[in-house]
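So this first bit is one chain, no partners, the form predicted alone, shown in C-alpha cells.
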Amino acid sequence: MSKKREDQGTNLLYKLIGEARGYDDVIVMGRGDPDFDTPAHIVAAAKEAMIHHHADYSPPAGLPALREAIAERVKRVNNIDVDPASEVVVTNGGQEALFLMVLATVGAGDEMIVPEPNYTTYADSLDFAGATKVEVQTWPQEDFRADPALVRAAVTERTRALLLVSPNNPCASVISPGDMRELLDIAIERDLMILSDEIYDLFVYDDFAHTSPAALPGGKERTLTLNALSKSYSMTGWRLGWITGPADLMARVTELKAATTGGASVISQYAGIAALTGPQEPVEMMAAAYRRRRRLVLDALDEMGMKYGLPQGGQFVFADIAFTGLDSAEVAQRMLTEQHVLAYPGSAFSKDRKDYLRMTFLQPEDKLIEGLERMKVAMQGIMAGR
C-alpha cells in the first residue's frame, strides 16, 4: 500500500476492521452497508433468472429491459430524460461506475475539483488516470456545504471536471438547488464535465431536497450521473449500478466497460429489473427507519458534546472530536478496544480530517442504542484521562 494511502488512514481502517472481527459482541457503527435483507421479490426474480437465463450473456451496456427500467427511474426520481439505447450503461456496482466515469472524462495532466471530505475511491481512480485531485474543503459549521465561490476559485486551465457527491459520503451534506445551479453555471462557463454521484438520492431528510445537475437547463449535455441499487434496495453484494449521460460520452463509457469487465451478471440484472419495476415499499420502509435512527444518533452525539454538520441525506454522520485532544485514529482505537464499538476514523476519508469520526445508522435500533451507550462510556473515559 502506498505511503499516500497510509497517511489517509486506509491502512488503519483495515486494521480496525480486522480487530473488530475478533470481538463476538462488536457493534459496527461505521459500516456503509444496509443491515436490511434484500427484498423477497428481488431474490425471487434472481432465482427465476438462474433457471431460465443462467447461460445468457449481456451486452456490455446491459440488458435492454434493465436500461429501460433505469431510464424510467431517472425520469421519475431525478427528472432526467435519457435514451435507454444510447445514454445508459449498467455497471458492476457504483464502484465500477465511478471508475469508468473518471476514465471517460480525465487523463494524464488533467485536474478534477473534488469537495472534501469525499469517498476515497475517487482519489484512487484519479491516480490511475494520471489526473490530479484539486480539493475544495468543506466544514461542519456550514453543514459541509460545497461553496460555489471556492469551487470557482479552484478552476484552472487544466481543470476538466467537477465531482459532486450529493448526498455526500462521509459527511451527509446535500447540495441545495441554488448551489447546484451556481455549480452548473461554473461548469458551463469553464466548459467542465460534471460527475454526479447520486447513490443516496432516495435518503434525504427534513425539508432538504435532492437536485440532479443533469435535470437543470444546460446540465444534461455535460453531466455523467452515477447510481446503484446497493444502498436503496439493500443489494450491496449484487454489484449492480449504472451511469447515464450524453450519448457521445456514453459511447466511450461503453468501450471502457467492454474492454474491462464486459456485461454485468445477467442474474443480478434480472434482479435489478424486479427492484426498479416492483414494489417500492421496502425502500420507503428503509427511509423511515433511517430517519428514526438518525435522530437517535444525533441526540446521543449532542449528549457527548460532539459537533457535526447536520446530516441532510445518506446514512452517515461526520463528527468533530477535536475537543478530546486526540486524533480520530486514537479515539476509534480506544472505542473499539475498550467498548467493542467500531467507528471509522476521519483520516480514512481525508488526510486533513484527523479530528473527525464517521458514524452510520445502519444497525437495528436496539443495537444502535447499545452502541451509542458504549460510545458514551468510552468518551467519558477519554475525557477523564485528558
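It should be emphasised that the depicted structure is a prediction, and the values quoted were computed from it without experimental measurement. Residue indices: 1-based, along the sequence shown.
There is also a form predicted in complex with a small molecule; it is not shown, and the following applies to it.
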| property | result |
| --- | --- |
| Close approach of residue 197 to the small molecule in the predicted bound form, 4.5 Å, heavy atom | yes |
| 4.5 Å heavy atom contact, residue 119 and the small molecule in the predicted bound form | yes |
| is_contact(residue 165, the small molecule) in the predicted bound form, heavy atom dist at most 4.5 Å | yes |
| 4.5 Å heavy atom contact, residue 257 and the small molecule in the predicted bound form | no |
| The unique member of 78, 159, 230, 265 whose heavy atoms fall within 4.5 Å of the small molecule in the predicted bound form | 230 |
| Single option in 213, 94, 313, 115 placed near the small molecule in the predicted bound form, where near means a heavy atom within 4.5 Å | 94 |
| Contact stretch among 248-256, 292-300, 198-206, 276-284 - heavy atom within 4.5 Å of the small molecule in the predicted bound form | 198-206 |
